[in-house]
Ligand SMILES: Cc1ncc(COP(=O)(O)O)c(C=O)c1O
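Only one chain is shown below, in structure tokens, and it's the form predicted alone.
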Amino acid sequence: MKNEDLSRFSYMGIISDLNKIAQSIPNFLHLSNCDPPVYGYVLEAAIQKQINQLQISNFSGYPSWNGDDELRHALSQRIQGISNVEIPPNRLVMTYGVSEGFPLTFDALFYKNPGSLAIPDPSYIPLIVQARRFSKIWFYDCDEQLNWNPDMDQLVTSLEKHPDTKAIVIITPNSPTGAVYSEKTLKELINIAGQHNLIIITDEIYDSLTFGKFVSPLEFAYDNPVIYLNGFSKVYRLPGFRLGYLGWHDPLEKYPEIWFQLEHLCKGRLGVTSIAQEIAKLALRESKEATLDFTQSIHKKQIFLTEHLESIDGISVVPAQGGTYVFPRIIYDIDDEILAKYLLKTHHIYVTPGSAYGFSPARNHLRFVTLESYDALLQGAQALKKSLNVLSK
């Protein structure tokens, strides 16, 4: 895929156009904001109290290049508790969010051995923007008729057309569709990756924010090399501290040079913020009940919004199974970018068009974020209904 074909995915493209319109609207309703604390979703009070008692001056020195030892040990235990697979602390590094994990990953993979990268469609905008800096990329389709699971036949056919593919990205729960891949789906994906000698890159930022059983791709990776990405922005509601972590699973030591390069890159940037890591250690102690309350609140809002969207002529919705998104499909022949701009200009409702997240399957969709109040979500659904009544004529 040519880089010029991907310009619309950057924040200089579709998102920039919407932001320019929003600047002239002082009180628009932002239903595409993924920042939990803005809507009151913060860590439980006991943890917040401990955070407020931290002496910031105690954390003014340089951090370790790979991260706080205690934190990495805790994260190793967390990963094993979720996936039944150990990524030891010495194969974990702290990053400035998953967004920094992407360029570190792609640099390590492609700096000496150019090749292609397979990315799901729909996908996460920063992933697409970062990947195109380091490699050729192509998209494998996630099929709405299959509850947004990957189209395995299309994936295999595409791999045959791109024999230089070195890695495949798996995002579960998926942004923006809210799909959560089943054990069967993951086994199929990993089997395909193994047959084509692909390194697996798994982004699991929403792992505990699911409305059923979550299964990590790590659980079925076995001997397949995996780069594991996660962070504290979503489940632990700490996006402002920009803290993520990257793990390397390669039990047969097939690619020692990749971990060597990752270490080299991380040493070159001297480590991530010390105070953020101390806060992360506290966040990991949040009670399961508090995390569950957050998840259940989001689930109820997703059900609420989905029901109202499904009642609109010209809209269909695959119910999300995780994340903070609803991704309705526009059945009418209306361009999703035009519809998103109309919603913003006419009704002062900001949602993102599906075209910002991929090529074929993502088109003719809108992404709603379900962090706002019930009244705000209802207002968004009602504005969409009115807009379709006008634009479909």
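Quick note: we count residues from 1 along the sequence shown, nothing fancier. These numbers were taken from a predicted model, which means no experiment stands behind them.
From this point on, the text means the form predicted together with the named molecule, which you will not see here.
- Shown alone here, residue 237 lies farther than 4.5 Å from the named molecule in the model of the complex, counting heavy atoms only.
- At the 4.5 Å threshold, heavy atoms of residue 171 reach the named molecule in the model of the complex.
- Though the partner is left out of this view, residue 124 does reach within 4.5 Å of the named molecule in the model of the complex, counting heavy atoms only.
- Not displayed here, the named molecule is kept clear of residue 109 by more than 4.5 Å at the level of heavy atoms in the model of the complex.
- Across the options 198 to 206, 284 to 292, 70 to 78, 132 to 140, residues that bring heavy atoms within 4.5 Å of the named molecule in the model of the complex belong to 198 to 206.
- Checking 322, 247, 150, 97 for any heavy atom within 4.5 Å of the named molecule in the model of the complex turns up a single hit: 97.
- Between the named molecule and the residues 216, 224, 165, 233, the one pair within 4.5 Å by heavy atoms in the model of the complex involves 233.
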